[in-house]
Structure formats: structure tokens, C-alpha cells
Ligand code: GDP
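Given next, in C-alpha cells, is a single chain: the form predicted on its own.
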């Protein structure tokens, strides 16, 4: 990154910022967990709850910062940003599986980011491990490790047993030294956002890694054209800081809105202020000559938002059967609101949410407006429905489900009554409403399936309180007017 204030000679060595990439289930998370666990006491490990998307460890009195990027293929865009934020990419390949599609994708991201690569061949302890075959497959992707005539360091390891873990850390420090990774705590601030979200209690929470300069409490900064007076700084171990320098991962409170993942945080009034200008966002994805399906998209975090948008963009461009393009009416973070429904209604669109909540009130408004609202926990389900929309096929309206809950636990009262402890998955449960009990998720029912039992709800209990209605994502106790003694955990309740 260009800095306008200092000469090259004024920069000093700083800890390398490392991201770990590779195919799903090849051991990226296991490696990160193993590294973190070996660098702190066991009693501390269980107590660390601060997750800011990055953390810092020490090896031979030298620090290394790791960006904890996700591994699912739909998060390619987020991983690409992680590559640009990082100084070094560790490419993880399972010894028993070799090079896979996400491995090739990770290689492309690392090359595009122009950062050095270290290969970690993981799971060498597993049956079927073939290290030489992996190196051969890597060579086919123009990744030549040292013993194959190249200059890329390759570590054979097992995150499970810990074998080779120290060698990997030493390799990172060696590559850092060879590439002269440097920073300057006294220059203009440059910090890369690696995660951002809206927390209901704390406000906007932004995680970043500082590449240059020093970030301080009380400092006025800007990112994505959103200004911020830093209210607090917290490190990856939950410690409050007054300031943080190069390569330090921190969590910031103080932004008035959610900035974009991958954008740069700089100090207001600095010579780098032009970097904070927000990029124009493409609202229509696909051929503009096509009909469009209008979508309001809400997700839990800004990083997830970019990943889901990227996934849908690839779906539009790769689907030969797509007869529609996507028009994003709104892309944002946080729970689905009445405003989102009104916006979708204005364009006859749909509202899709990823890992967000919808209140019963909002669902009622959506049903009155005849707007489809669906939320998802997995990218697969979301992209499956999006593909249907692009082909002109209607998706199931979640709002038509008046109530759906899963039985978690059964309680027998001294009176002999049986109470089903449930979690409401969709809609609401109400006292007096007829409810059917099934032995599997009602979403998977066929015409031949019949309920095990149907009865009216006598009472609902939320915590210690008797209530008349329990909404989505809440747990409650359900007592039927007529006893159903065979009800068991894992069963489902459905109100239609």
C-alpha cells in the first residue's frame, strides 16, 4: 500500500500477517486452533471468547498475526480480501485428498494478491496419505515446492498430532524475513477491515488488522465513507487497549454505520483520505436486457453479505438456464424489518435473509403484503432457491407456515402431564391453536405422511412465565389439552 509521508528507510520489521486457505475439510480450522492452543496456557484457552477474525501468537519471541478466514467455497470473495490483507498465504492441502477445486481457487487468490505462498500438506498421519502425489498435483498448478525444483517452502504436517506445526511457524518467520515485511507505527494509519457487523447491544463492531500507523482510542477515522470516533479498542484476548500498532488485530467500537469488509480504515484529514471513498456498488447482476428478479438481501455481518452477493453473482453468470438477472433493492446487515418488506413490495420482490431473525409482526406484515420472506442457515439452501428464482420458478413462502417447532426435551410434571420443551423454528405457537406432531421435519413431508398426533395447545411457558404466544427462535414449554404420551425429543410441531 502506498504511503505518502515516509521514506522506505524509515520502515521497520513488523509481524507478518498470515491467512490460511485451502479446500473445505483439509484442516484449515484445525491448524489455526492447534497454533492458538500451543501458544497459550490450557487454562487460558478455554476462557478466550473474543473472536475478532484474527489473532496473534508468539514463536521464538517473534509475533505472527493470523487472519481466521472461512473455508466454504461460497466465501471466495471474503477469502480473496483476506489474501489482499495478508503478507503470506499458507496453502493447506490434505495429504490423502490432494488438490481440489477450492485449492485451485485459493492459489488464484494468492497469486492475484501477489503474496508469497507456503504449502502445508496436512493429515500426513491419515491412511492413504500420498505427499508426492500432492506435490505433483501442485506442480500442475504451477506451484513448485523446493524438492520439485521450485522456491516455495513446503511443510508436511498433522494438525491432529501436532507434527510439523513448529516447522510451519518457523517457515512463516523465514518467509517474512526474506520478504522484508515492514511497517511504521509513526506513519499515516492504514488498517484493513476483516469483519464488521451490527450488534444489538454494542452497536457497530468492526474487526481490523493494522498494516501501518497507530490506531488510538479517541482517534477520528473513516472507512467506506463512514466516519468514526474510536470509543474502544479490544485485542483478540479481550484486553482493552489505548492504542495498537502495525500487524495488531483489534476490534473497534464507534462507527455510526457498518463499513465494508476489505476496505481501508484511515485517519480523517490524513493524506490517504481519498482511499476512504466508497466504491460504486453494482445493483443489477446479469444481462440488463433480461427481466430482473428483485431481491432485498439481509445478512448477519458485512463479511457474510459480500460473500453471499458474490455467490449469487457467480450463480447468475454460470447458470445457462437463468432467464432472469438479479436486481438488489437493498443489501444490508441486521434483522429483517418492516422497511425491508415495504421496499420489496414496491418492486414486487422477495426478501432473503442469511442467519438473521424475522419477528412475528414483520412476518404478518409480509403475509398481508404477499411478499415472500425466507431465511437460511446454509449458503446451499439460499443459492438453491436463488437459482429457482432466476429460472422463473416460485420458491416456498415461509410466511405461510403459521408455526413450526422442534421438540428438544420432554418433562413429566408431578401431575402426570407431559410438557414438550421446544424451539420455535418458524412462525409462532399460540395457546388454543390446533397443532400436529410429526416424527420428521414437516418441510420434508410427502402427501402420504400423516401426523402422529393432533391436539390443541393448552398452555405455553417461556422461562417461568405463562404466555399466549411464542415467536420464532424462542424456546418454550408446550402442554397439550389432550395427553400425547409418546411425544419425544427430535419430533416436530406444525401449525397451519
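Residue numbers count along the first chain shown, from 1. Please read these numbers as outputs of a predicted model, since none were measured by experiment.
One more form of this protein should be noted, the form predicted in complex with this ligand, which is absent from this view; the next part is about it.
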- 247, 184, 234, 158 - the one with a heavy atom within 4.5 Å of this ligand in the predicted complex: 158
- Message: Please identify the residue among 456, 30, 468, 441 with any heavy atom within 4.5 Å of this ligand in the predicted complex.
- Response: 30
- Taking the shortest heavy atom distance, is residue 472 within 4.5 Å of this ligand in the predicted complex? no
- Message: Whether residue 125 contacts this ligand in the predicted complex should be assessed with a 4.5 Å heavy atom distance threshold; does it?
- Response: yes
- Should residue 24 be classed as touching this ligand in the predicted complex when contacts are defined as heavy atoms within 4.5 Å? yes
- Just one of 115 to 123, 205 to 213, 140 to 148, 169 to 177 has heavy atoms within 4.5 Å of this ligand in the predicted complex; which? 115 to 123
